[in-house]
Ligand code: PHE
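Single chain ahead, written as structure tokens, the form predicted alone.
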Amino acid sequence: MKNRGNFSSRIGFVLAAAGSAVGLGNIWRFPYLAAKYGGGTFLLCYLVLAVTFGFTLMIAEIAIGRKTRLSAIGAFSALDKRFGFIGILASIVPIIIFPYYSVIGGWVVKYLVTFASGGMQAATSDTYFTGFIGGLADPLLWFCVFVGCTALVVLFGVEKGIEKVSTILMPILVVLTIGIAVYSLTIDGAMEGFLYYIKPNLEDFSATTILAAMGQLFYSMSLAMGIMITYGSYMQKENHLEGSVRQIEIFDTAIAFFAGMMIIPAVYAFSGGDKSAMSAGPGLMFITLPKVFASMPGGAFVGTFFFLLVFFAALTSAISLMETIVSIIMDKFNLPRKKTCLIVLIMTLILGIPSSLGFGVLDFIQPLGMSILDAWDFISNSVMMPIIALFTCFFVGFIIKPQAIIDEVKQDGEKFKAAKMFTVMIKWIAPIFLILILLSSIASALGFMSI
């Protein structure tokens, strides 16, 4: 495409892609999974999988995007028309995720405003969160605010919008995360929680821990949803692909690590070592953490910066989700960016309303025995993404062959140091992992539905 946008520099690409990867999956989901599945044991499993399994899938997706200069919907068919359906499936995922992700983003904005305006004590009430999400106008208002912020950035395009905002927000996000993490360690009793977080214990090691870490990788690294293909299509040929992917992984994993260091020791100290308090899912961020901040000296100040950090993380990921949808529509129908952004904005607001109201007036609707938001999350993250990744592995491993990706990585004149590992992972090991993730997700859902 002649007028296709580009990232102006390698660091711009890395920060934008890292911004996509760094989201609620890192700041909220990673800490509670780490707490639930053995702390240091989960951390070790995640690190090993990130540099092997995660690296393989990410480099394949970015290389496909850069090779074809197309978003997911066109990239697979450009390489082999028989497999265009993979691009269609990958394109559906961000369309499903973006609306409900923006609903959660709206919750974050609400808490940021609450803490910044001196309402911390109100937020510590056990009924504050459930009362808020069970409302009508309030959750819809903050959902719309979050979607509006996202659309504004995407409207300005790749270089002037996404790249510029990412290069500002990502360094701020890193500084805030490290700052709050270090502060958390100063709380009485927090060091014990920190040791639990970083020290592997073989007694906690199990197949469930590995599967949980693999599932988190999808959520955390923006894999199998067309995002990395789209961002890869904006990447310049002279930028070193393998090195860029390693840098994205470092950003993503470091933020996840510091998020765990920020949350687990503080909650551990607050709860007296009660692990169930640390693995409370959404309640960890919106119910438990406000109480932790209220118990700290200067808690209102720390809480405000924490929710500002979470807002930045959620926003950078939401930008990548919306940009992927915009890019898909622009590629498919050859529409201008402004018109496409307006279409996606309206579509997102309409599709997000049921998820926003699914804890209130629409709570009687329980698809798969879950809330509307949780059902969309399960379908996209636990079913569709492993299937898409499995198809991608088969496509790269046996149709276009790993050498096609290796040649694309070498376009910049650099060596592909991990080429042998990539070939083995994409053809054999990653598919086995993906089948296990998929079977585990289905078994979990059946167990849930039978309760």
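All figures in this text were calculated on a predicted structure; none of them were measured in a lab. In this text, residue numbers run from 1 along the sequence as written.
Beyond what is shown, the protein has a form predicted together with the ligand; the following relates to that form.
Remark: none of the three candidate residues (I180, I187 and L289) comes within 4.5 Å of the ligand in the predicted complex, counting heavy atoms only. Picking from 82 to 90, 160 to 168, 193 to 201, 314 to 322 the stretch near the ligand in the predicted complex, with a 4.5 Å limit on heavy atoms, gives 314 to 322. None of I227, I248, A213, V108 but one reaches within 4.5 angstroms of the ligand in the predicted complex through a heavy atom, and that residue is I227.
Checked against the ligand in the predicted complex, the candidates A259, V344, A75, I97 yield a single residue with a heavy atom inside 4.5 Å, and that residue is I97. At a distance threshold of 4.5 angstroms between non-hydrogen atoms, F143 is out of contact with the ligand in the predicted complex. Heavy atoms of A21 reach within 4.5 Å of the ligand in the predicted complex, making it an interface residue. Interface residue remark: S222 is counted as part of the site for the ligand in the predicted complex, having a heavy atom within 4.5 Å. In the predicted complex, no heavy atom of Y234 sits within 4.5 Å of the ligand.
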